[in-house]
Every structure is written in structure tokens, then in C-alpha cells.
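Below sits a lone chain in C-alpha cells, taken as the form predicted on its own.
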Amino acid sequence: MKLSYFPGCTLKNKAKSLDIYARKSSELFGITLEEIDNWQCCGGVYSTAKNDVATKLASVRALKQAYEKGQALVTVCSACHNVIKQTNHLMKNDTAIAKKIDRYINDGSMYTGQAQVYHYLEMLRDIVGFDEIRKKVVNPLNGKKIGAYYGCLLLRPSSVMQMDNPENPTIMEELISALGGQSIIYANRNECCGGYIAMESGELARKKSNQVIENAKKAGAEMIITACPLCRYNLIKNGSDIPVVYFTELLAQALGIKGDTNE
């Protein structure tokens, strides 16, 4: 099975392991992630301004290419997924904006939100299935206590993302369980880590990050996993004394492919 893939900028630089292990792991399940040709940065933040067309062009081109290939589009980075999913929703539900963007792209065929967009976690749940993942595990996590950190972008706005319950998600906890770990539920797993305000107020970003870490530790977590490069960077930078890793790294470890390639 082939799916179109939008890696995004950070996965080519600071978050290489999020990308590499995502690709390697998907192959074990018979899924090839085909990187979109000539993709451009999604912008990292979705602009809600109605007249802001330029920031949406990269996402629309990626979506359109996937649709024309007859494939769903997969993302791994929480920020990329948020921008692309919201852009796709806009193209599907706002004809005026869709026409305006079409005039910019001007390639003879108008895109109106037809592509299916999956976050990699959704692909694991809805296409592969957690039972199939469980069958492929060769290095189970042996009950390791792991806290899933969703952050603020993966699930919201819930009316558009429609990935999981925004207040009580289970998708990462189900993955942890399938890999043989023990998922730790803690209050701050859906709260912002402060990454987007770090330049404006390092002190506030540090406070929010520390709240996440301390809350997870108090609940018994020995490790935190995340799907967001900015969240991981921010949590580590602000002094986490427990490991903070990408969920794909944990997946690759359990599947026995971690270390199969250079990061």
C-alpha cells in the first residue's frame, strides 16, 4: 500500500528520528510512504485570516498532489498535521477561498478538499490496527511507565482535527499498550508546553513545560512520548529529568528496527 507523505521541515533537520523511524516502521506493515514532490514548508502555524492566501499554498499543493495520485496524505509532525488538516477543511467548506487559492496555483484543475489526511498515529490505528502492531512487536516495553504528551496542536480544533477526544484522548495510550508498555494518565497531557511563547517569554514557557513534566512524574511516568518536535525541544530545553522521545522512536524500538539507520 502506498500513501503520500509530507515530512515537513523539522523532520529533515532537528527531528530526523521522528521521520526515519516512521518510514522504517511503516514498511513492516506493508505501507510505503511516498514523499510529496517539491514540498514546501507548511508555515508551522495555521493562519485564520481569511485574506491570508500565501500561507496556505504549500499545504494545498501537497494535498492536491496526493489526491491526484489517488492516495491519502500522511503527516507525522503535529504542527504540519494541524496546518494541513485545517487547510483541507477550509478548501472543502469555503468555496470563495478555494477559488482564490486556485487562481494563485493556476494549473487547470481546482482543488476543493477531496484528499484524505491522516496523522501517522491515525494510520497506525485506522489502517494498520493496534492488534496487528502487537503481533509485530519483538522487543516489548515490559510494562515501562510512559506518559503520552499530546500538547495543544494534535487534537484541536476538535471539530476539524476529528482525531480523538480532545479532553480524554486514547490513541497514544493504545499504542503504548500495543508495544507492551504501561500508559500513565496525567492531567497536563493535553496542555500547551509553552513552545510558541518561548521567544516572547522564556520564563512562562519554562513554567508551562515544568508543569507538564512534574505532573507526568507525579503520576508515575518514567518517560514521555510526543509527536511534536517543538514540544520535545521545549520540554528537554527546560530541564526534563526523564526522557522525552518521539513516539516513532519507541515504535521502532519495540519493532526491533531502531538503530537500523543513521539518525
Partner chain sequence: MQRIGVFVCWCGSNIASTVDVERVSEALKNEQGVVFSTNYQYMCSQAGQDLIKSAVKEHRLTGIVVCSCSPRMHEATFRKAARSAGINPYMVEIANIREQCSWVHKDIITGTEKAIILGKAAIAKVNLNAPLIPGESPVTKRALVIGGGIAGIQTALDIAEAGFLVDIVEKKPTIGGKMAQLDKTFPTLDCSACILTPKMVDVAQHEKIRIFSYSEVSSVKGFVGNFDVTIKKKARFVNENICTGCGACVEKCPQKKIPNEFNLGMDNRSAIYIPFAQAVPKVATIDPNACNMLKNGKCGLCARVCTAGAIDYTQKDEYIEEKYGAIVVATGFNPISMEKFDEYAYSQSRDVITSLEFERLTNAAGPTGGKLLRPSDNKHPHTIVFVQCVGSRCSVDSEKGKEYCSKICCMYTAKHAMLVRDKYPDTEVYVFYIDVRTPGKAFDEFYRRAVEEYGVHYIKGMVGKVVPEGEKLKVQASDLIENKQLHIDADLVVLAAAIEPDKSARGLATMLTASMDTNDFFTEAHPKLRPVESPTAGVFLSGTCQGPKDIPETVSQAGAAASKVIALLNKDKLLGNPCVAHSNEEICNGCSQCERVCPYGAISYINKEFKMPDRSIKTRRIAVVNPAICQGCGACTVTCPSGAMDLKGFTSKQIMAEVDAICR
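Positions refer to the first chain, counted from 1. Note that the structure is a prediction, hence the values are computed from the model and not measured.
Not pictured, yet referred to below: the form predicted together with its partner chain.
**Q** Would you check, heavy atoms only and a 4.5 Å threshold, whether Glu132 touches its partner chain in the model of the complex?
**A** Answer no; every heavy atom of Glu132 is more than 4.5 Å from its partner chain in the model of the complex.
**Q** Quick one: is Thr95 in contact with its partner chain in the model of the complex, heavy atoms, 4.5 Å cut-off?
**A** No, Thr95 sits far enough from its partner chain in the model of the complex that none of its heavy atoms falls within 4.5 Å.
**Q** Would you please decide whether Asp126 lies within 4.5 angstroms of its partner chain in the model of the complex, comparing each non-hydrogen atom pair?
**A** Looking in the model of the complex, residue contacts with its partner chain do not include Asp126, since no heavy atom lies within 4.5 Å.
**Q** Please check if Met110 has a heavy atom lying within 4.5 Å of any heavy atom of its partner chain in the model of the complex.
**A** Residue-level check for Met110: no, no contact with its partner chain.
**Q** Would you confirm whether the three residues Asn168, Asn190 and Lys218 all fall within 4.5 Å of its partner chain in the model of the complex, going by non-hydrogen atoms?
**A** Checking in the model of the complex: Asn168, Asn190 and Lys218 are all within 4.5 Å of its partner chain.
**Q** Counting only heavy atoms and a 4.5 Å cutoff, which of 134-142, 67-75, 181-189, 112-120 contacts its partner chain in the model of the complex?
**A** Single hit among the candidates: 181-189.
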